[in-house]
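Only one chain is given next, in structure tokens, and it is the form predicted on its own.
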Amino acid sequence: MPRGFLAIAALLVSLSLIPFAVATKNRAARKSEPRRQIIPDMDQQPKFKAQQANPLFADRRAMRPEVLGTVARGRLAEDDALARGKEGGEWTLSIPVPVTESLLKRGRERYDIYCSPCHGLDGGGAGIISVRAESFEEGTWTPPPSFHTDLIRERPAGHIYNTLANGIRSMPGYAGQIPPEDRWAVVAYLRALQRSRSASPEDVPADILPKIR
């Protein structure tokens, strides 16, 4: 083995590690500017942010006002009762869609998916999530209310629709998951659940009443 071979080999190995050490240091270090990239792949794109000035427009504003006459894509929410649950600034008292058997079936399907985990299949407030949360006895869980209390039964349909869309207290809103028509279907099914707890014999069809007595 030539003299000094080991020393030269050790030096070369040490020098070969320098690029990796520099790259590691640069990745871990915090910098005020983006790192240099050979192929940027659109990682840093020039753009105007909200409230910035933009010399392209006469008013020098980057945020552009809405174009007059535009509406949300695929929907024109002209009917306040249908879209927001309000009429004349007040909660609508009735359901603004025809309440049919198919609507109630759709409402039950949506209710079972989105509402029953907390409120229970019967609307009594004993859903599987609520029961499990209370079993931990941590004191941080807010039990969901029963839909069969006088307070909830007396609430206008529009109020319940708004609660489903936008949430209330610790309950999140479901506007992103449930479209307006399905929200009203849930409200209709909820009214059916409430009616089932407070129905009288006069509410039962005459041909069915003898079978349940």
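Numbers follow the displayed sequence, beginning with 1. Everything numeric here is computed off the predicted structure, so don't read it as measured data.
Keep in mind the form predicted in complex with a small molecule is missing from the figure; the text below concerns it.
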**OP:** Pick the stretch from 143 to 151, 48 to 56, 25 to 33, 61 to 69 whose residues have a heavy atom within 4.5 Å of the small molecule in the predicted bound form.
**Re:** 143 to 151
Subject >> 4.5 angstroms heavy atom contact with the small molecule in the predicted bound form for residue 37 >> reply: no
Original post:
Does at least one non-hydrogen atom of residue 164 fall within 4.5 angstroms of the small molecule in the predicted bound form?
Top reply: yes
**OP:** Evaluate residue 81 for contact with the small molecule in the predicted bound form, applying a 4.5 angstroms cut-off between non-hydrogen atoms, and reply yes or no.
**Re:** no
Original post:
Even though the small molecule is not shown here, does residue 185 get within 4.5 Å of it in the predicted bound form, heavy atoms only?
Top reply: no
